[in-house]
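This document starts with one chain, in the form predicted on its own, laid out as structure tokens.
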Amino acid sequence: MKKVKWQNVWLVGIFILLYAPIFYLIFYSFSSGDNMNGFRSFTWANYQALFVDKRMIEIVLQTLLIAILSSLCATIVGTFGALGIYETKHRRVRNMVLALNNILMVSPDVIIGASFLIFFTFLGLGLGFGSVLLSHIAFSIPIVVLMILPKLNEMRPALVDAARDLGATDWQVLSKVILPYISSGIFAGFFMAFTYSLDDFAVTFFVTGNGFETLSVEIYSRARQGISLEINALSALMFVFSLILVAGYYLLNQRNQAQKARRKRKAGA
């Protein structure tokens, strides 16, 4: 008889604790009742109500637009930021820059949101799409940097030296050697930034205004008025969307690893 591995039992328990509330919400998204006190009968009415809710559709599109734009900008800035940190030769300067980069990672979201609110108010900038976008870019950049730096540290300096010995320009070294090598880190940073932007509430709550809202803020506002099973349907769709993102990232990562393996075999041959 095999012994029970308590590590596996603990892991299963953690996953149940994490996913049970999500599946509970999804389960009641198919209920014909008005609340989650009891499941009545199966229905698609909550999903139909969601797709005819023009305000909710507009907010979902706004949220996706903010997430895409902020993650793209953060990925570009974070990539060059990681390259700058990697190229820094002085260890003290490098550690100081890394510490500054990590401040937004360890600071409470409420403090970050309040700081952005004070900053935008001081500059006289109106709160709305622009303030939300800039805030999301700012707190996403450190995530991208932390995703890319390990890939840069794994890269052998001999690759860059060999490219320069063959007469490659700085742009050719960057585009033909460095960026392809760290591409998996760039994709990881983009997906992480996209996810963080998509579900952020605290920072967005402080800097939104002028009728502009994201999904998390709208759900909070509706929850204060009473839970609607339309929110359950929306949560179910967002969960499926997140699974698609994770699967896409996994497939891209597997593809990159397969390509690297083929290159190594060709180099060995």
Partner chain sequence: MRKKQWLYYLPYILWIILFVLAPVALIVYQSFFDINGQATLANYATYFQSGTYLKMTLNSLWYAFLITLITLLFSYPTAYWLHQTKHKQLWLLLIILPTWINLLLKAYAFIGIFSQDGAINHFLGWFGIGPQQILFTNFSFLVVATYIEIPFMILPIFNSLEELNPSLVNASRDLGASNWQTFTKVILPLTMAGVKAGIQAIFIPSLSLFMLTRLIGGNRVITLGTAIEEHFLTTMNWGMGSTIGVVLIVAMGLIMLMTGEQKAKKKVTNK
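Residue numbers count along the first chain shown, from 1. Because the structure is a prediction, the values reported are computed rather than measured.
From this point on, the text means the form predicted in complex with the partner chain, which you will not see here.
- Think of it this way: in the predicted complex, the partner chain has a heavy atom of just one of I111, L72, A162, M155 within 4.5 Å, and the residue is I111.
- Within 4.5 Å of the partner chain in the predicted complex, a heavy atom is found for none of Y47, A67 and F187.
- Heavy atoms of V177 never reach within 4.5 Å of the partner chain in the predicted complex, leaving it off the interface.
- Contact check for F51: every heavy atom lies farther than 4.5 Å from the partner chain in the predicted complex.
- Under a 4.5 angstroms non-hydrogen atom cutoff, the partner chain in the predicted complex has N37 among its neighbouring residues.
- The closest non-hydrogen atom of G126 lies beyond 4.5 Å of the partner chain in the predicted complex.
- Along 84-107, residues G84, I85, E87, V97, L100, N101, I103, L104, V106, S107 each place a heavy atom within 4.5 Å of the partner chain in the predicted complex.
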